[in-house]
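Coming up is one lone chain in structure tokens, specifically the form predicted on its own.
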Amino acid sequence: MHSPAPKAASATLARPVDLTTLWIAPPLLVLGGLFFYPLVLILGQSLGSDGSALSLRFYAQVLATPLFQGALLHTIVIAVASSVGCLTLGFVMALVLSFVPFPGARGIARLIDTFIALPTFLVALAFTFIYGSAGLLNMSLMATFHLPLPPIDFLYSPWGVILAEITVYTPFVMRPLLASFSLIEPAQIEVASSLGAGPWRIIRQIILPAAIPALLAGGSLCLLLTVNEFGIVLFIGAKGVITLPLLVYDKAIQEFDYTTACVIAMVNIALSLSLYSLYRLVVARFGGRNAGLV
């Protein structure tokens, strides 16, 4: 009587190889070449890999400098202030567009959405034409009131950067808010109004609870984007306003101090990844569909 073991072994050897797992190789190669490899180089440079032993001494030196601390403070303050402004303005505008019917409301909402596709420096350029020292508003006021100096000079300060970022990133808050408001049943508002509830009470007890997931998701996204904003800060050229991305540019491109630039870049990356984790946590907690993100 013959043993079936050889047949089983031959069947195992003859089984075709599953090639579907090989499809993951091209994306991994692209990610490795375009993202992970440069990131490893930046990390190595920040640790002093250019012939010297790897060490954190460069981090201790850079993080202790007033220039870095000031840039970190400016980055956080501008990002938080811009995000708060986006939340406030976005909530008010989405509220008006959703619950105050007027001709052209849908067209205005579509127009605001187009800001998402525009480069950020275009807003900074527009602000320069309007609010700059030689801008339309200053020149008109100087000609009208015979002023020797431009009366409006907020543009070249942190307030100018914050206002420009609010203008650019408010649509990122409005979009999920408009989607969230569209899920509110009009009957809820009609019943509350018929029972004597005023507009502020309706907003506080019906609209605001429905908007919280979208506000959290949109706010965390704005915080992530404003922390990494570079074009607006560079283009406006606000005096004394140096953020982490701008400091990386200054150290790498203007001073050729690549080690310091890489240290600051790694700190900026760590900050960005932390904020992205917060954003993903908010979306996972409340659901992308409920937050209007899908």
Partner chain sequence: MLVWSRTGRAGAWGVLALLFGVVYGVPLVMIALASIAGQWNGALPSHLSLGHYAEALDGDSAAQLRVSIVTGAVASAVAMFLGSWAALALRNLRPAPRRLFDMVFFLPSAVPSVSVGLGLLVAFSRQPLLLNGTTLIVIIAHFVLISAFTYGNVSAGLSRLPPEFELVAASLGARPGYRLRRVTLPLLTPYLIAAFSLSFAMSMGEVGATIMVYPPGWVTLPVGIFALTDRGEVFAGAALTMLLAITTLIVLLGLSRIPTKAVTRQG
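Residue numbers count along the first chain shown, from 1. Bear in mind the structure is a predicted one, so any value in this text is a computation, not a measurement.
The same protein has a further form, the form predicted in complex with the partner chain, not shown here; the description that follows concerns it.
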{"query": "Site check Leu34, Ile112 and Thr170: each within 4.5 Å of the partner chain in the predicted complex by heavy atom", "finding": "yes"}
{"query": "Touches the partner chain in the predicted complex: Ser140 (any heavy atom, 4.5 Å)", "finding": "yes"}
{"query": "Partner contact for Leu147 in the predicted complex: the partner chain, 4.5 angstroms, heavy atom", "finding": "no"}
{"query": "4.5 angstroms heavy atom contact with the partner chain in the predicted complex for Phe154", "finding": "no"}
{"query": "Proximity of Phe230 to the partner chain in the predicted complex, heavy atoms at 4.5 Å", "finding": "yes"}
{"query": "Residues within stretch 239-274 having a non-hydrogen atom within 4.5 Å of the partner chain in the predicted complex", "finding": "Pro245, Val248, Tyr249, Ala252, Ile253, Tyr258, Ala261, Cys262, Ala265, Asn268, Ile269, Ser272, Leu273"}
